[in-house]
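One chain follows as structure tokens, the form predicted on its own.
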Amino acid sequence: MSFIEARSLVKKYHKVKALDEVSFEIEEGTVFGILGPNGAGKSTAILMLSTLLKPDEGEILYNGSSTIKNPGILRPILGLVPQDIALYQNLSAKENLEFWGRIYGVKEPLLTSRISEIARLVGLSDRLRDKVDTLSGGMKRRLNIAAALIHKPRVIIMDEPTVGIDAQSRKYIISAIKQLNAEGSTIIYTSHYIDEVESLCHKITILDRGRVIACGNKEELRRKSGVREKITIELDSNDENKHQIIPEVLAAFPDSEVTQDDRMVEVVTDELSTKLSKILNVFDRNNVKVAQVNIDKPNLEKIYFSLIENKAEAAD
């Protein structure tokens, strides 16, 4: 049984389907990413997962129980970091955290210790007495996250937490997410920064026009995208045997694309990690000297855009 499961979620705004039969599963203790272009349905999905919006159809389950019928089973252990800043500008950072702590039912002396702990986590220990309206945009983002963590939630939903901030604040936030996950928190994360999702998330759902076009870890997404991996093998320029190698590689790996010039051989293939040693064995068996090996694994950005483009071509 999945920790959190979305089943066939549908949401319509007038005649437009913001979500159209969206399903996915989130395992406990993982970072789950949601990617997609503007208008893909990410915000609608986040609102549903946080129990703030009901679907027209479908179900969301937390440990097998419906959060739609009974949102109270999830809310006490949920921390929501909205894209918009949800802070009182005329209060100090500490007063904001005290306010949200009391809203979540955190009592003294635990509240004081939690404020100190969370302030250290987001790098604001020395700014707790400062009013929010004197803080930089990045510091406000960090405080916004701290407010959502004050009650030590098991599930944390973060909607674009690093949008429009400075590099230092982004570093603090990414570090905090990794630490929270290492301590056992389940995190649901949306971002326009694909590199963040790639570095943080164990599993990713890609939405486009309200539908799931792919879901899985990076390798599963790569296979679905059709994007292949490449190994470039630089040859010893003085090796007389180097021109005989392509037929051998093709014979050993007929599903791969192999090209060669005077200096190198390129092999484009799938499952490179399982084939690399076998490819190099072919060179060794044929007494072809290898000077250098370079591996090009496609990043998530390339995989993402391939999936989006494939979806658009299929729709046409």
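So that there is no doubt, residue numbering starts at 1 and follows the sequence shown. Remember, it's a predicted structure, so these values are computed and weren't measured experimentally.
Note that the form predicted together with adenosine-5'-diphosphate isn't included here; everything after this is about it.
With the partner removed from view, the residue among 31, 40, 288, 267 that has a non-hydrogen atom within 4.5 Å of adenosine-5'-diphosphate in the model of the complex turns out to be 40. This chain is displayed alone, yet in the model of the complex one of 256, 44, 260, 51 has a heavy atom within 4.5 Å of adenosine-5'-diphosphate; that residue is 44. The partner is not drawn, yet in the model of the complex one stretch among 21 to 29, 8 to 16, 288 to 296, 303 to 311 has residues with heavy atoms inside 4.5 Å of adenosine-5'-diphosphate: 8 to 16.
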